[in-house]
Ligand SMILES: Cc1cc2nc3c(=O)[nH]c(=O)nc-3n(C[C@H](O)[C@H](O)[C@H](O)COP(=O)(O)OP(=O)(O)OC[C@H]3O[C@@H](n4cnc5c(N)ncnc54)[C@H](O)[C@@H]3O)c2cc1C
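So this first bit is one chain, no partners, the form predicted alone, shown in structure tokens.
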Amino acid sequence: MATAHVVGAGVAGLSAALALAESGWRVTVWEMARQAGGRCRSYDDARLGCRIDNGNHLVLSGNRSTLAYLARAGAPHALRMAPEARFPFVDLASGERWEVHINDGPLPWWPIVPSRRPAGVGLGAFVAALPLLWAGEHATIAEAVRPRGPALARFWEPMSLAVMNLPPTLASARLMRATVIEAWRDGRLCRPMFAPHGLGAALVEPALAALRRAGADVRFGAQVKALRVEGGRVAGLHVAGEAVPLGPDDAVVLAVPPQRVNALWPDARAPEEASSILNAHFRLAAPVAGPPLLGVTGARTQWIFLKDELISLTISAAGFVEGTDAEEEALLDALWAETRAALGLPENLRPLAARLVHERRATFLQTPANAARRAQALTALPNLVLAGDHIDTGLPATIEGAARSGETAARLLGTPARSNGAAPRAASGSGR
């Protein structure tokens, strides 16, 4: 049986491995870290005394590739879906509160209703944003929607930061449009989905268990240092001093970050500029009341997640947010004050413990220029394909983008060859 070697055990690599195993490949996964999940993982934190996610990720009910990934992992109900597409917000500068409430159905009439759109944002601001749907590849979100009044700060900026990990003045309009078309057009596709027991329990552990059941070999602490190319195909892997030969029908999926892709396959020329995300975690003695997800404007804090006794907040594009370079203790105090005000908690309430987690290379820098430079999944070698949220899936660098890239890689390799020859390839050359 032909073997598919998947390099990288993040969501993209796990997605590719699951789809390949389903297609009949024998699968070997090589992961340089001691655990799977990449930038989407959980771990036990000694300071907090509990298990936390390294970052907060939001999955939407219309993320079809993520849902297919969960189904392949045998965990279709690992994420808990909100009953409606409601996104509550608070502006800490003014004290105003509102909800973005997207209606069910293919006709998005929700902006017509004042109570369903941000406070102070008129219908005209949404009408003026229609050019986003036909924005060119060089346009940023701010250039496409040309927001007026509070629409930028209270809608497009929070959405751009959450989806693109960049301010709307820098983020690619075309990538944002993909999210609008895939999810925001219908509330049934835009309901937030939460991992009640953490990202590891929802997205990583079930995938590893499914791969074990399928007979896959998952090797941790195994860094692929180079590819051996002979005769116009990948003929072997160099793994931490070990030479691993590939059979004539074997294939390779590179599902690693841009820097590693470029080191292993320089022809990819993947954009390496990155944007960071800062997360703060506060452990309380008991859970507090509030929505599971709360958007915040007029502050450094952008999104607050309630997870039982743990409150986690996210600052996307942290390198572009003033004050995030402060000393840890001072920054935690400031962020806790914002969190307490946003949730309406008593002034004397203090967390038992707090932690900052800075993912400095959370996503590639999703500017129009970098979006146009994304590598394609197909390569010049018939048995080598690329995966990862930085690969050109047409989607932003999100969990859905990562899962979609793994699906695409598996589809391009097709079913395993039964006789000598190159691994089969899909006819399409787009890689999307």
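Numbers follow the displayed sequence, beginning with 1. A quick note: this is a predicted structure, and the numbers were derived from the prediction, not measured.
Form predicted in complex with this ligand: not shown, discussed below.
Comment: 216-224 is the region of 139-147, 216-224, 95-103, 71-79 lying near this ligand in the model of the complex, near meaning a non-hydrogen atom within 4.5 Å.
Among T398, N370, S65, S42, the residue placing a heavy atom within 4.5 Å of this ligand in the model of the complex is T398.
Remark: P257 counts among the residues lining this ligand in the model of the complex, judged by a heavy atom distance of 4.5 Å or less. The shortest heavy atom separation between I277 and this ligand in the model of the complex is within 4.5 Å.
Using a 4.5 angstroms threshold between heavy atoms, L378 stays clear of this ligand in the model of the complex. Not displayed here, this ligand is kept clear of L18 by more than 4.5 Å at the level of heavy atoms in the model of the complex.
Annotation for 310-334: no interface residues with this ligand in the model of the complex [heavy atom within 4.5 Å].
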